[in-house]
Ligand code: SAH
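First, one chain by itself in structure tokens, the form predicted alone.
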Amino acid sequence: MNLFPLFADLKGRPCLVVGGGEVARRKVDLLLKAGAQVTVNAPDFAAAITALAAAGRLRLQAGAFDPALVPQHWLVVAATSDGAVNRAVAAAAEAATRFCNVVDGPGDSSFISPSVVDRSPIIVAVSSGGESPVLARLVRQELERLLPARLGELAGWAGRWRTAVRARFPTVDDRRRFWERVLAGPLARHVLAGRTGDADTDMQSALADSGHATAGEAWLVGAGPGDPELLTLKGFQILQQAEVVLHDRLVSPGVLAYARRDAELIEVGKTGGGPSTSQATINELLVSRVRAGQRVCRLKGGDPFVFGRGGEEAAALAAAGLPFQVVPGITAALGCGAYAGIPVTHRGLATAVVLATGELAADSPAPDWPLLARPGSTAVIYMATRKLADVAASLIAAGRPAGTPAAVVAAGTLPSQQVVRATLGTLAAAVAHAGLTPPAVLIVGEVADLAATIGWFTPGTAAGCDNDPAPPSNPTGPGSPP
């Protein structure tokens, strides 16, 4: 963070604007809107500034820039068309330890005027740190479109109920939960629609109903295959509400960054062949936290119900009589396939797709290899990297030709993504030569060859999408790397 965001209370405080033109006038308008006492110092003044002075809304100081004015003011803006004068204003402000904004001079400024979305008392400020004011303006315009026009009225309405809510709920946690339920529900929609009377009536009922104040809840949320932008909107919203986040080891830091700042983040990941948190421990932790009244997000890579053991966790919550929701995510088969340019179904090549796992519990039955080997289908096998040669041999033994195109996608959807394509019979050697490591998925089928023509994601790594390292042997066949 290059700049510290700060909302300054300027009501009744003296502020200085140096410059009398149109740019200075825009700065004056913002300062007056914030309640500042404004002085404008310039040799000449635009008509709009003169009119404001005549109306008694600001004071004029005619003449060249006077450094003696700076120490008398809390905040200074240099808005002249003369770079030398602007730099002199900045130097005087620095000497007087006053914050100074130099219009179109971020290098000389000690603060930046952001692009503002005003839904008072809700204020959203957007800044690029002076690097790209146009980009900041475009972001602000997008926020203007997204934020309801009556958002400020909603904030004011909530403020009027704060005392009653504080009296009803003595603890900060209970108050937070209550407000999040209110502001995300029909009461808020009443206010945004101008129906404050209905909102007040419902608020009185909500305060009388204590049933929801301390109720815990769980959400089993799919984090997607890695790229934080592939998290669903609902998943993002839940991360903003959850007090506890139990997350897998492979959930990317970018996704975890969406959690609310005061959330407790607990890693409960599993590592193939390494230290892991047992599923029983995860179930117990999930149940105990929800039973204690906390809102818990169980954040799982990919989709909770696709080799994520989300069904077991849902069953544990159901057995305990606790409320929960399941939020699907983009599973690795689809996300990694898409980013590698491999559609798992394609007309004329694959009319079905079968998902399987290469890591099985000791008491689990072996994969249905004949099903995975069926022609005209795509097999996507999770967690197969460590047993790639054995998996390939099993598929070939079940009838899949050794020359079938195949690919392994490692770190799919991330900047470190790597894709190795070969044939089913030569892929294990190619992957070993490339040094690919989990997490990765194996995709077997004629669709794997499509990566050569529609692979669109090319991260800046040595072995990116379709940048296939040559294996030590010379594979042949339709899926062979060049």
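Bear in mind that the values here come from a model prediction, so they are computed numbers and not experimental data. The numbering used is simple: start at 1 and walk along the sequence shown.
Another form exists, predicted in complex with the named molecule; not displayed. Remarks below refer to it.
308 is the sole member of 133, 343, 308, 235 with a non-hydrogen atom within 4.5 Å of the named molecule in the predicted complex.
Checking 88, 188, 383, 203 against the named molecule in the predicted complex, a heavy atom within 4.5 Å turns up for just one residue: 383. Across the options 160-168, 256-264, 280-288, 403-411, residues that bring heavy atoms within 4.5 Å of the named molecule in the predicted complex belong to 403-411. When the named molecule is considered in the predicted complex, residue 331 lines it closely, a heavy atom lying within 4.5 Å. For residue 443, no non-hydrogen atom is located within 4.5 Å of the named molecule in the predicted complex, even though that partner is not displayed.
Contact annotation for residue 117: none of its heavy atoms lies within 4.5 Å of the named molecule in the predicted complex.
In the predicted complex, residue 250 approaches the named molecule with a heavy atom inside 4.5 Å.
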